[in-house]
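Let's start with one chain on its own, the form predicted alone, as structure tokens.
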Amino acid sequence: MKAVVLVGGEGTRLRPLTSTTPKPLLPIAGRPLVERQLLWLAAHGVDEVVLSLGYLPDAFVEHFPGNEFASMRLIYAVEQEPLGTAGAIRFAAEQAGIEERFVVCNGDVLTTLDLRAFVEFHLEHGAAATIHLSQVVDPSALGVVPTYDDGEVKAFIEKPAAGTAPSNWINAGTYVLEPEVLERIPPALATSIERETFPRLLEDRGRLYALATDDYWLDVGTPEKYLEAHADVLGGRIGSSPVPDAREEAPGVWVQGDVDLASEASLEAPVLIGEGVAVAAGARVAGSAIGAGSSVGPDAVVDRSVLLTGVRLARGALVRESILGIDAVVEEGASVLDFSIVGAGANVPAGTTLTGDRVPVAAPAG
């Protein structure tokens, strides 16, 4: 089976992390999001994946040398200009020569959907396209998809006003498509599959279906959701181990490779400590992921946060519900709070406090 993964977006809501790294290549508990997606696809029989690229495409080519991953063949379809979701799908399918039924998924989704059962539902109903639906508490910022009892789609309601949605079941961004759907997408034209292609399919009764499931699903598109994804992976909602090479030193305390953990340091599960990390005496790490080569200084605190590789926290630094980019530095006594993001190589001066702030990537030296 073949799949198209849409990974061409700029990930603006996660800047400055995405200023230098495409969102799907950002790590989720030590493994890039796109790798987690590819492994999920492979586990359900997908053996060829087309990566639909736009933003920083070379980063993907460099990340997957040899055009393969987990025994899957990878094909790159690079848009010269944004084509929207439908346009990107048609372009990617044409580049890969797809002429049979295939799967599509958005590159910012983390899910445990049973893909084989999803495809079987599609076949049983003779659909041209089938949409996965997931239930959320507040659908007002998403696309609600009401259905008939048999799963046939009634309508699409994009971003309904609070309290007006007919249900909380939203388009979860995974589809099964027959080749005929591609013929409904104009070539080389920016087109939305959610707002244009699917609604037009409703003109032909019995061609568009949706399957609602309670499988885990998360759109990893904001700082809050990025941190939530880490918490879920570290908490075992995706699998028993957050990453294959981690060992569980204590319940919920995962460690990769050789680390330097002071006996007086406090590690409160769930946590992931990367290769070469040093945690000094008096430091506290709780509900967080610490990237390889990072250091947490004496009496520093990392709480429900993510530190990418090479981050340095000085004595008494505090990071809570925030994200620090590669090689970022938080000086003595500084605080980074409330979903702040510090860009790669940036420095937070001693004694300062960031609250919901964005610190840009450090300018190149010289």
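All residue numbers refer to positions in the sequence shown, first residue = 1. In this text the structure is predicted, and so the values were computed from the model without any measurement.
This next part talks about the form predicted in complex with a small molecule, which is not shown.
A.B. asks: Counting only heavy atoms and a 4.5 Å cutoff, which of 165-173, 236-244, 146-154, 204-212 contacts the small molecule in the model of the complex?
C.D. replies: Within 4.5 Å of the partner lies stretch 165-173.
A.B. asks: Report the residue, out of 84, 223, 276, 199, that has at least one non-hydrogen atom within 4.5 angstroms of the small molecule in the model of the complex.
C.D. replies: Of the candidates 84, 223, 276, 199, 84 is the one lying within 4.5 Å of the small molecule in the model of the complex.
A.B. asks: Which residue among 142, 93, 129, 185 has a heavy atom within 4.5 angstroms of the small molecule in the model of the complex?
C.D. replies: For this set of options, the contacting one is 142.
A.B. asks: Tell me, yes or no, whether residue 295 is in contact with the small molecule in the model of the complex, where a contact means a heavy atom of each within 4.5 Å.
C.D. replies: No, residue 295 stays farther than 4.5 Å from the small molecule in the model of the complex.
A.B. asks: At 4.5 Å between heavy atoms, is residue 217 in contact with the small molecule in the model of the complex?
C.D. replies: Yes, residue 217 sits close enough to the small molecule in the model of the complex that at least one of its heavy atoms falls within 4.5 Å.
A.B. asks: Decide whether residue 52 counts as a contact residue for the small molecule in the model of the complex under a heavy atom distance cut-off of 4.5 Å.
C.D. replies: Residue 52: contacts the small molecule in the model of the complex.
A.B. asks: Given that the small molecule is not shown alongside this chain, does residue 107 nevertheless sit within 4.5 Å of it in the model of the complex, heavy atom to heavy atom?
C.D. replies: Yes, residue 107 is a contact residue.
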